[in-house]
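The form predicted alone is given below as one chain in structure tokens.
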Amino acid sequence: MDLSLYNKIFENRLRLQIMSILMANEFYDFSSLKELLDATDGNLASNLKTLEKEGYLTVEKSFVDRKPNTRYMKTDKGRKAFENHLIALENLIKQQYK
């Protein structure tokens, strides 16, 4: 079975969820991700950092009404890695029904 497209980065549930959200949205901010995923600050931050280090997302920091606002956007590399991972999962599922 060919699992060359399978990506271990997305084995983590939270990272999989983060990328799913970023695939469906142009960007998402830290507070909204935290609320939607019901994640702690530390857990969310460390998983976002992992995705950033891989080059799968970019970070944009700004101020909104004098409050810090951190937005995350998927990169082309992140989009492609996620799409490939989904293909690998689909292939894995198809193998189970042969």
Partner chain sequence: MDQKDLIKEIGHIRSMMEKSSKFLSISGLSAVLIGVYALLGASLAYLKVYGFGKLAYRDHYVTDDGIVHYLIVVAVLVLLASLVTGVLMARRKAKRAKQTIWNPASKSMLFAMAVPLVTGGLLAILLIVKGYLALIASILLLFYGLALVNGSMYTFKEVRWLGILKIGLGLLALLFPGYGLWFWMAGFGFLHIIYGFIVYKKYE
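Just so you know, these numbers come straight off a predicted model, no measurement behind them. Positions refer to the first chain, counted from 1.
As for the form predicted in complex with its partner chain, it is not shown, yet the points below apply to it.
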Contact flag, residue 35 vs its partner chain in the model of the complex, heavy atom cut 4.5 Å:
yes
Can you work out whether residue 3 and its partner chain are in contact in the model of the complex, taking contact to mean some heavy atom pair no more than 4.5 Å apart?
no
4.5 Å heavy atom contact, residue 25 to its partner chain in the model of the complex
yes
Given that its partner chain is not shown alongside this chain, does residue 54 nevertheless sit within 4.5 Å of it in the model of the complex, heavy atom to heavy atom?
no
All of 9, 39 and 47 within 4.5 Å of its partner chain in the model of the complex, heavy atom check
no
Hey, which residues along 6-24 are within 4.5 angstroms of its partner chain in the model of the complex, non-hydrogen atoms only?
6, 10, 13, 16, 17, 20, 21, 23, 24
